[in-house]
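In structure tokens, the next block holds one chain alone, the form predicted on its own.
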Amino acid sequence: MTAVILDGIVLGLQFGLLAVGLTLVYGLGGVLNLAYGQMAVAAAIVVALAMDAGLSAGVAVGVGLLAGGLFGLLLDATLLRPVYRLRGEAQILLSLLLTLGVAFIVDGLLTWQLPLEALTLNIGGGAVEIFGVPMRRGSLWASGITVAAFVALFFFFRSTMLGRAVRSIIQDEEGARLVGIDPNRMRTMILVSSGVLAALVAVTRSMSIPVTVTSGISFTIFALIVTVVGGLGSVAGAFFAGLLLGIINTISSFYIGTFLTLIILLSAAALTILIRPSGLLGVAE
């Protein structure tokens, strides 16, 4: 059981970080990005192609993170511009339709051109014993990088002027605008950052299992579930919900199978909507 829980923590940290980019984009711009998983996969394939071209793993990962950020910037500068001008249900519906279309296009292009491409980062060395359980070094590296990313995010939003500006827009956009904060610039920065985070999750995930061209939809589904449970706009909520659902996922998969596990996770999201629509740590309306 200890081994299953540790695997759940590793997976949950990645779930949580994946959800951060999605929840911040929604909280800041009212955009629900259904192409988020494809952003992660596209960045992973860029890393794989860069390594195939002879670049070192470190340089290739840097190129992949840059690709993720550019993907976010491209979305912000093109398709999402008309979405920002809308409000309420029309804004959410248009963002769903446009980003779902992007997801289908990216999936189709990758499956057509690079059907067998995948990213796998092999971390050398033997297993490391944690609480008596041998853990792969890849899982430990992935967890360490993810925790460092969360610490950096917490520091950014709590201790920097820019982070406070983002939080103020999430809480009250009109009030933030009145004190001189430009929501458009903040949205662009967060969408670029979400692309980088998606790429980082793909890289850390590839240290445990291959990230293939078909992984996008599962990334998006897990990010949506964690976002709903954790609370929109909450980094802490994404962190704790990711850990909780990661542990539930591995325990459920171990005892009853993967298919029923997805049903359990979706049920957890539905129950959260019924009991606490704002999520575990989201701000209630």
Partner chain sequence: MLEIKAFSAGYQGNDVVHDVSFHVETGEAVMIIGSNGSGKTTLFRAMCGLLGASSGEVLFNRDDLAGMPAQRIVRLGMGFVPAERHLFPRMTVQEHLSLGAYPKRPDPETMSIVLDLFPRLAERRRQRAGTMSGGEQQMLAVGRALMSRPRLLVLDEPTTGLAPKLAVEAYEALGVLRDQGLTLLVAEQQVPLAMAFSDRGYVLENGQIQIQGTSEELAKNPEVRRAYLGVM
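Positions refer to the first chain, counted from 1. Quantities reported herein were computed from a predicted structural model and do not represent experimental measurements.
The discussion below concerns the form predicted together with the partner chain, not included here.
Engineer: Is E129 one of the residues lying within 4.5 Å of the partner chain in the predicted complex, judged by heavy atom distances?
Structural biologist: E129: no, not in contact with the partner chain in the predicted complex.
Engineer: Should P183 be classed as touching the partner chain in the predicted complex when contacts are defined as heavy atoms within 4.5 Å?
Structural biologist: Yes.
Engineer: Wondering, does L153 line up within 4.5 Å of the partner chain in the predicted complex on heavy atoms?
Structural biologist: No.
Engineer: Would you please decide whether G175 lies within 4.5 angstroms of the partner chain in the predicted complex, comparing each non-hydrogen atom pair?
Structural biologist: Yes, G175 is a contact residue.
Engineer: Find the only residue in S168, S193, T212, S208 having a heavy atom within 4.5 Å of the partner chain in the predicted complex.
Structural biologist: Selected residue: S168.
Engineer: Which residue, A148, L162, I105, L86, has a heavy atom that falls within 4.5 Å of the partner chain in the predicted complex?
Structural biologist: Contact with the partner chain in the predicted complex is made by L162 alone.
Engineer: I need the one stretch from 70-78, 95-103, 134-142, 154-162 whose residues put non-hydrogen atoms within 4.5 angstroms of the partner chain in the predicted complex.
Structural biologist: Careful reading of the contacts points to 154-162.
Engineer: Using a 4.5 Å cut-off on heavy atoms, what residues in 216-242 are near the partner chain in the predicted complex?
Structural biologist: Result: empty, none.
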